[in-house]
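We begin with a single chain expressed as structure tokens, specifically the form predicted on its own.
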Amino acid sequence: MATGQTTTAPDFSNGAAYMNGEYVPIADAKISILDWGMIRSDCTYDVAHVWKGRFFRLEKHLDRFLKGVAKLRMQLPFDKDELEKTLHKCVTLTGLDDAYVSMTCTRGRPTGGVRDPRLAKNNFYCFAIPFVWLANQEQQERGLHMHVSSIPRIPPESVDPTVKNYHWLDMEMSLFEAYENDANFVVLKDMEGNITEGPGYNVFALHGGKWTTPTRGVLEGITRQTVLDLCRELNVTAEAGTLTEAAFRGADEILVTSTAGGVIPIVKLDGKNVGDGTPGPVTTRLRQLYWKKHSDPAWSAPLRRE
């Protein structure tokens, strides 16, 4: 370095990523356009969050991610403990107290001219950015509008939805359909006409004091499981099972669960009120308890700012 030159410290304020063995500002995080994660959606990922300086149920996100990696016959460059440390480091670099934290493993790239996925070197990366909301606080207080899509969900026999993946075109096109029908959220049906999930979230429907969340053709969401756990704590009946379209349309209350927003009330379904058209009392109680648990050591852990 020439005399008088100075170096500028990397700016991680907008987000930090771990790629190719190093930490870089989110704007500098890049992946090859030839990576099979890009050209074939051959990858799995998971998303956790940090709220007020605490990771929420990170252990469950790590376990689900590792199961997905194994199911897709991929390998990470390190073990679970090192993975956890890397996620903490990404958040620490940003200085954020509230963060959206994503981890991905792609198939990577085989050598030139080879199409055998067994010969690909798998690629891992992760990043932390400011918290992402599916719906902001004001929208959640009012409740959201949902549309039941005419586009069926990809069958689980084709793509295993319990492995979090980027096969989202059915959900993305359904979202356009929802917007065209004055709705902010959408849910898709399976080939038998039963309710499944939406883009990045699970759904619950309440009938006579009992919640039902679809059990087939869906990601087994961590927030979904959290709501099932909270219901047990509140002595509210809740189960995973078949949810028909008719039952969904006749629900007393409907809610959406996602890492990007928690428990979100749905107050209109295809233009018709759900209940009285305002967030229901059971949904509101679950939503309040969900955020309260973020400070509970049994449900969350402090960010290790090392």
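Keep in mind the model is a prediction, meaning the values are calculated, not measured. One-based numbering along the sequence shown.
Just so it is clear, the following notes concern the form predicted together with a small molecule, a form of the same protein that is not shown.
Proximity to the small molecule in the model of the complex, defined as a heavy atom within 4.5 Å, singles out one entry of R153, H88, R107, H147, which is R153. Using a 4.5 angstroms threshold between heavy atoms, N202 counts as touching the small molecule in the model of the complex. For H61, a non-hydrogen atom is located within 4.5 Å of the small molecule in the model of the complex, even though that partner is not displayed.
The small molecule is not shown here, but in the model of the complex it comes within 4.5 Å of a heavy atom of L219.
Shown alone here, Y45 lies within 4.5 Å of the small molecule in the model of the complex, counting heavy atoms only. Only one listed stretch (223-231, 123-131, 184-192, 77-85) carries heavy atoms within 4.5 Å of the small molecule in the model of the complex, and that stretch is 223-231.
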